[in-house]
Structure formats: structure tokens, C-alpha cells
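The chain below stands alone and is given in C-alpha cells; this is the form predicted alone.
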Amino acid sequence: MKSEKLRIALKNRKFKVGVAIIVFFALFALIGPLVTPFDQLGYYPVKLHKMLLLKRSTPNLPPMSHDVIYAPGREINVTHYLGTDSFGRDLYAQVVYGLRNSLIVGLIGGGIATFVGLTIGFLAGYRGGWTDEILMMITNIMLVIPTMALLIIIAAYMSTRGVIIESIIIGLTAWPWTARAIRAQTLSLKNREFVHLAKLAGLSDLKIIIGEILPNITSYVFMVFILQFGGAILAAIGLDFIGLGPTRGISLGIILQNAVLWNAINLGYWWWAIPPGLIIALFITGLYFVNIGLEEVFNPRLRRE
């Protein structure tokens, strides 16, 4: 059965295109830093990080520009693949490290949101009664609270924010819709014969949920994680863009924020704003294609042979 699903997935064009886009940017985030000598902020070459430079990179250089950095007793020839910003920072280094941090936010934030949503949804749907009432009351309260407003309030009151902290905040506020969806799936499965047989066999509730119910909605859970993954990235970019992102490090949202603050587009420095924006758009498009492709794979009515 699994090999059949895999065969169908590999024949689905949307799925293949989406996977190709995601793998490309994942490899770019992993391997890209090996190509540039600069640190993640694009100020210093790593081997000169703690030295007082006599001359940094030239500001506002276009892509593929060559430059010379002077330090006491040495000079280094560098190539700015995506140019430099108004402070002379290498934009390629910022983009590749920013993409890596954005993917980390997606993995951690999306993973936390999926896990919390699964836990609450399974408990509410399987146990029912007061457990269901209380958990759904909490879920409904979280649903009516504007998520972005809550994220802004939490982030604004934290003096120091890192990528991990941002990921946790996003993950702990993005789970409600997942909980409701998983609850609905659990309610439809808990009265099936195989669940009743598991109860008669004396299996605990946890073993029934993990061993009997979860395998029947694995495909749905995977698609939920993809949506949470993309949602976490977009939420982080939104926070970064308004100045409430990590206080240390770089991200795609912070690059866009700096480009807007310093009027990069108006001044003709398109290479400061377009590459990070294009990467965000393409990566989210890749996630969308994967999700649509999987939906066609797991739902025969949507499948196009």
C-alpha cells in the first residue's frame, strides 16, 4: 500500500515540482554558507571577525561585484554575489543565513503547533465528555484571539529574542485549528470496529490512539504539518518585518525590513529587497504544490492519472 502511494506521488507533477523547490532551498540553506567568507550579518569575513578592519566592503554594490577588504597586514579579495546594502554588508551571506533561520523557525514552530494540536485533538475526540468540553473551550478561546496581535504583544515584552524563542512563541499560538481538525478525524474513527477490538484486547487509550487511530490519518497529519510549517515561516516574517523578530541574528524578514526602512527600491537597490522576497514566494509555492499533490495522492476523487 505504501509503495503504491509512493508510486502515485512520484507520478504527480505538482508533488514533484514542490519537492524539487523545497529540496533546492534546503540544500541552498545548508551548503550556501560554504560559498561565502562572510558571517551571517555580512559585515566581516569569518577569519577576520575580531579584527579591526581598515576598510570594509563598499556600500550599495550590485550583484556579482568584486571588492577588496583591508585589515592590518592583509587584504582580501571578495565577490558579493548578491551585492551589498547601504552599510556595506554582504547580501548573499544575509540571505543564505536568513533562509536557514527561517527554515528553523518553520521546522520548530510548525512541529510544536502540530504536536500540540495532535495531542489536544486526539484527547478531546477520543475521551469526549468533560475532557472534550474543556479542551475545546480553550481551543475556541485561542481561535478568536487574533494570532498576530498575540504574537506582537508577547514579542514586544521580551527584551531578548532569538530564533528558537520566536519559533516556540509561534508554535504555541498556531495549534488551535489543527486541534479542531484532528478532533473531527478522531470522532469519525473512534467508533470503528478496529478501535472496539483494540479496547476488547485491553489496550490502553494511549496505545489505541497511537497504534490504531494515528496510522489511519497519517497522510492528513503530514499535510497539516506542511501547512503549519509554511504558516510558521510567514508568521515569523511578519514579526521580523515590523521589528519584533530576533534581536540577534538575521532572517529573510529582517532583510526585507531593512530594505524598506532604507528605501532600497526607491533608490534603485533592487538586489536588497527582491532576492529575499522571491525566495519566500517560491518556497511557500513549493509547500503549496506538495500539499496539493499529496491531497491528490491520498484522495482518489481528486487524482488525475
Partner chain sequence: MLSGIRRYLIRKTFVYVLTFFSAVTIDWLIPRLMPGNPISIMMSRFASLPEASKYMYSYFMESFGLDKPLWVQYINFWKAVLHGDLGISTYMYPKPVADIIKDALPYDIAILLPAITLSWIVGNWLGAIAGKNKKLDSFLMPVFYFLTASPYFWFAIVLAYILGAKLDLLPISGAYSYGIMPSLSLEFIVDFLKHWILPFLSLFLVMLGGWAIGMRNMIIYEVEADYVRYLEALGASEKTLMKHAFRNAILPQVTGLALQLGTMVAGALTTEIVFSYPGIGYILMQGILNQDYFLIQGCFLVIVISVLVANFIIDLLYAVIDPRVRFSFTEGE
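Residue numbers count along the first chain shown, from 1. Remember, predicted model here, so these are calculated numbers, not experimental data.
In what follows, reference is made to the form predicted together with its partner chain, a form of this protein that is not presented.
> Would residue 143 count as a contact of its partner chain in the model of the complex, using a 4.5 angstroms cut-off between non-hydrogen atoms?
Replying inline: Heavy-atom contact with its partner chain at 4.5 Å: present for residue 143.
> in the model of the complex, does residue 257 have a heavy atom within 4.5 Å of its partner chain?
Replying inline: Output for residue 257 is yes: heavy atoms within 4.5 Å of its partner chain.
> Is residue 28 one of the residues lying within 4.5 Å of its partner chain in the model of the complex, judged by heavy atom distances?
Replying inline: Output for residue 28 is no: heavy atoms all beyond 4.5 Å of its partner chain.
> Within a 4.5 Å heavy atom cut-off, is residue 37 in contact with its partner chain in the model of the complex?
Replying inline: Residue 37 lies outside the contact set for its partner chain.
> Mind checking whether each of 175, 201 and 219 has a heavy atom within 4.5 Å of its partner chain in the model of the complex?
Replying inline: Verified in the model of the complex; spot residues all out of contact, no.
> Even though the chain is shown alone, can you say which residues of 247-268 have a heavy atom within 4.5 Å of its partner chain in the model of the complex?
Replying inline: Residues within 4.5 Å: 256, 257, 260, 261, 265, 266, 268.
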